[in-house]
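Consider the single chain below, provided in structure tokens and representing the form predicted on its own.
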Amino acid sequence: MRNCLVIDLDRCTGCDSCVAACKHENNVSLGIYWNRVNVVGPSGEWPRIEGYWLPTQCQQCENAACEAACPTGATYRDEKYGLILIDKEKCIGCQSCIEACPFGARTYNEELNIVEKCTCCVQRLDAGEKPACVHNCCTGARLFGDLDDPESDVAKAIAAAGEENIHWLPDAYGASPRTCYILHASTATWKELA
């Protein structure tokens, strides 16, 4: 099972409803974000000016460096959903996982002395619901499901988009991120975050 998010950048309007939904659902502290929406662009020359919004959060990597770096086993792959999660009871706040994450997806909660990140709202998954960011996306840009299930929303969206329109964040460390982005060249040219 390879559950992950697929985000259709052709549809994302940068409204931040995913950010707000995440903070509300997970009671994320002020100043801490498990989900961010980055602006890519504008670039090009008139009349072909382009840009897009790029939401980023835990990439649910196949080879999660954060898991390997955790000295207490607090960061682990959940057997039920195949997601990388944090056991807050085992976390000692050492921040080794923050240093190890190549995508800057983890945050340190100074008040609680623990590291936090996107959980894909496992509490909602347990209730048979979609992650809050997916549920609250007003344009339907965010999908969640199992990449290994050809009948899942994510597998269908990837198949429909075509291989040339599927992108991942740059993976210089062999992490193999699962979170997938759909962006057609007719919308904008895929660019790496600066």
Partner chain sequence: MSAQWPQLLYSLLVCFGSGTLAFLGISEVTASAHRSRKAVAIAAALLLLLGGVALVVSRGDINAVISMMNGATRGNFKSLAIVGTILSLFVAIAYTIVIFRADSYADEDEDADTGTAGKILGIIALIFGIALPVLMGLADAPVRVPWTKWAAPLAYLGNALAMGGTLAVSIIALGKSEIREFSRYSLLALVAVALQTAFFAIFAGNAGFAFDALTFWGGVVVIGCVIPLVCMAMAPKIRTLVFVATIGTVIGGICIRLLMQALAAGNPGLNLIFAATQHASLVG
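Numbering follows the first chain given and starts at 1. Because the structure is predicted, anything quoted here is derived from the model rather than measured.
This next part talks about the form predicted together with its partner chain, which is not shown.
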| field | Site test, Trp53, Glu67 and Cys94 vs its partner chain in the predicted bound form, non-hydrogen atom cutoff 4.5 Å | value | yes
| request: With heavy atoms only and a cut-off of 4.5 Å, decide whether Asn63 touches its partner chain in the predicted bound form. | output: no
| field | Exercise: Glu79 in contact with its partner chain in the predicted bound form, heavy atom 4.5 Å | value | no
| message | Even though the partner isn't displayed, in the predicted bound form is Thr139 close enough to its partner chain, meaning a heavy atom within 4.5 Å? | response | no
| request: Could you confirm whether Pro170 comes within 4.5 Å of its partner chain in the predicted bound form, counting heavy atoms only? | output: yes
| in the predicted bound form, which of 159 to 167, 28 to 36, 43 to 51, 131 to 139 comes within 4.5 Å of its partner chain (heavy atoms)? | 28 to 36
| query | Within 67 to 106, which residues have a heavy atom closer than or equal to 4.5 Å from its partner chain in the predicted bound form? | reply | Glu67, Ala68, Ala69, Cys70, Pro71, Thr72, Gly73, Ile92, Gly93, Cys94, Ser96, Ile98, Glu99, Ala100, Cys101, Pro102, Phe103, Gly104
